[in-house]
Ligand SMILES: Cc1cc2nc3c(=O)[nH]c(=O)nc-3n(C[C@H](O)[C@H](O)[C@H](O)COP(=O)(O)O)c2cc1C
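One chain follows as structure tokens, the form predicted on its own.
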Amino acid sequence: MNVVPRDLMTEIAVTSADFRGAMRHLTGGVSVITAGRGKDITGMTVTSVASLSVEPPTLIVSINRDASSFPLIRRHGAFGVNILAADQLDVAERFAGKGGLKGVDRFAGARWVTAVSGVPLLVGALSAVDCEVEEIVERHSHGIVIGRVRDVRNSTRNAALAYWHGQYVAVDQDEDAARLADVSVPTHLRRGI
């Protein structure tokens, strides 16, 4: 392992409010992480999913260690990543805790299939990924969960749900490309198309 020597500041001047404000500028794709098996299931809405490696297919997700999903991921060694489509706002809100729903109750109102690992995967998600836990790195309040991808179910849909400045936004490749063309191509040139 390579270790980079560095000098750490002993006093941190950045407040959590300042940091949260900075992170609100970072647009994130919205996913629902699912964990558990059978009736002992739960999940959470996150924007912290990222690919780690293509060979082997591996991703990472940052999960608060106080979240109900964390002990189930640790116990079962598996989790699902459900990348939400633009029309799945209701799923995002349920798994973010809107209405006080917890555990298995968050899964109501959507269709789910059971992955090989036993975790629920969302039918109709842009992508549903079944992961086996490879490693969990605990730092501060969160665990960085490294997941080896065991199965991927991609849909043909292309409008994604994103989160930016404290709001959910739809990102539609076709509609957004058309809007961009409308504002970037001068009117006199559009008539000749």
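Bear in mind that the values here come from a model prediction, so they are computed numbers and not experimental data. Residue indices: 1-based, along the sequence shown.
Only in words, not in the display: the form predicted in complex with this ligand, which the text now covers.
S.K.: Wondering, does H142 line up within 4.5 Å of this ligand in the model of the complex on heavy atoms?
M.R.: Yes, H142 lies within 4.5 Å of this ligand in the model of the complex.
S.K.: Using heavy atoms and a 4.5 Å limit, would one call D40 a contact residue for this ligand in the model of the complex?
M.R.: Looking in the model of the complex, residue contacts with this ligand do not include D40, since no heavy atom lies within 4.5 Å.
S.K.: Taking any heavy atom pair closer than or equal to 4.5 Å as contact, tell me whether F95 reaches this ligand in the model of the complex.
M.R.: Yes - in the model of the complex, heavy atoms of F95 and this ligand come within 4.5 Å of each other.
S.K.: So in the model of the complex, does K102 come within 4.5 Å of this ligand, heavy atom to heavy atom?
M.R.: Yes.
S.K.: Could you tell me which stretch in 52-60, 160-168, 147-155, 130-138 has residues with non-hydrogen atoms within 4.5 Å of this ligand in the model of the complex?
M.R.: Contact-bearing stretch, as computed: 160-168.
S.K.: Checking a candidate spot here: are T34, T114 and S117 all in contact with this ligand in the model of the complex (at least one heavy atom each within 4.5 Å)?
M.R.: No, none of T34, T114 and S117 comes within 4.5 Å of this ligand in the model of the complex.
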